[in-house]
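To begin, one chain is listed below as structure tokens, in the form predicted alone.
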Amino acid sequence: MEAPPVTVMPVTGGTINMMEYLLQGSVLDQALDSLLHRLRGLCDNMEPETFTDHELVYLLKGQQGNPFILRARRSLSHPTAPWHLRYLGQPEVGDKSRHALVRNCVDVATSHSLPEFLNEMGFRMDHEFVANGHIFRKGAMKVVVTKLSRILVPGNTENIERLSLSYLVELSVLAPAGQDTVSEDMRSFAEQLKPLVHLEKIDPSKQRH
């Protein structure tokens, strides 16, 4: 079953019905310090924000076609903060010359009873993971460097295992539909991160859920 590329953007406020422009890449653990040093020099915040989040991915299967996917996310470092519910639409086909992947993004803050609500609505949890890392900002652009870990015992966010020996790097902008010039700014910024990391427009047809 094909699905949009996974995103692990941390819980940092809510945005309703915007378009997400996205470039993705990865960097090996041993190159992390060099990348963070480069980002400190390029971005507005010298010291990045840090996060540790728990994300649960829920599916609602229909009569036909792909299931409807919602993502519930909570901050482990700030347990009293609201949960966030995120819907990510299918990537737009649009202009092939566009430098970034573009998809609809709906992100709303919710109460802590979100998992129970989704279960009552008929959703079932498909998988969960812990994401921790760093957030940099450059104007409207956000750079998130994330380590992903699988949860070995369902619901136990202390019992985890790292998924890989690399960090996921995501460059994104949230903007109203039609603001395609932001993808040019993103491409220019991504060029400055080479050769440490190559941020690309991920082909959704090559992603597997």
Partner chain sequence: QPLKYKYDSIYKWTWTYNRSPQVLQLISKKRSLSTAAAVLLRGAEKLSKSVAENMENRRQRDFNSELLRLRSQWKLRKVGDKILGDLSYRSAGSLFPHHGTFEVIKNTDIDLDKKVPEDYCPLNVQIPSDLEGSAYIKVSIQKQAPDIGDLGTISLFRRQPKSKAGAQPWHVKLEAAQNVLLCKEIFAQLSREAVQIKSQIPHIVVKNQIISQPFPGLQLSISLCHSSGEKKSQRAAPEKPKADDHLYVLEHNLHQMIREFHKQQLSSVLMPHPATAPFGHKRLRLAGPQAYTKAQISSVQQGQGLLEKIIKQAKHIFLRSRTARTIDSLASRIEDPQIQAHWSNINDVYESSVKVLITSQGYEQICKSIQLQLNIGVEQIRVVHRDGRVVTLSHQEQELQDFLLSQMSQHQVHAVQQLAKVMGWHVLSFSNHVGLGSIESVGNASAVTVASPNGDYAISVRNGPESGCKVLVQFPRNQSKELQKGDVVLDSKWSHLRGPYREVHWSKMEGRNFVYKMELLMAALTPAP
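Residue numbers count along the first chain shown, from 1. Fair warning: this is a prediction, and the values are worked out from it, not measured in the lab.
Beyond what is shown, the protein has a form predicted together with the partner chain; the following relates to that form.
- At a distance of at most 4.5 angstroms from the partner chain in the model of the complex, all three residues M46, T50 and A81 contribute at least one non-hydrogen atom.
- Looking at 179-187, 153-161, 51-59, 27-35, the stretch with residues near the partner chain in the model of the complex, meaning non-hydrogen atoms within 4.5 angstroms, turns out to be 51-59.
- The partner chain is not shown here, but in the model of the complex it comes within 4.5 Å of a heavy atom of S77.
- For A175, no non-hydrogen atom is located within 4.5 Å of the partner chain in the model of the complex, even though that partner is not displayed.
- For the chain shown alone, R137 is a contact residue for the partner chain in the model of the complex, at least one non-hydrogen atom being within 4.5 angstroms.
- In the model of the complex, the partner chain sits within 4.5 Å of a heavy atom belonging to M141.
- Contact annotation for 106-129: residues with any non-hydrogen atom within 4.5 angstroms of the partner chain in the model of the complex are D107, A109, T110, S111, listed in sequence order.
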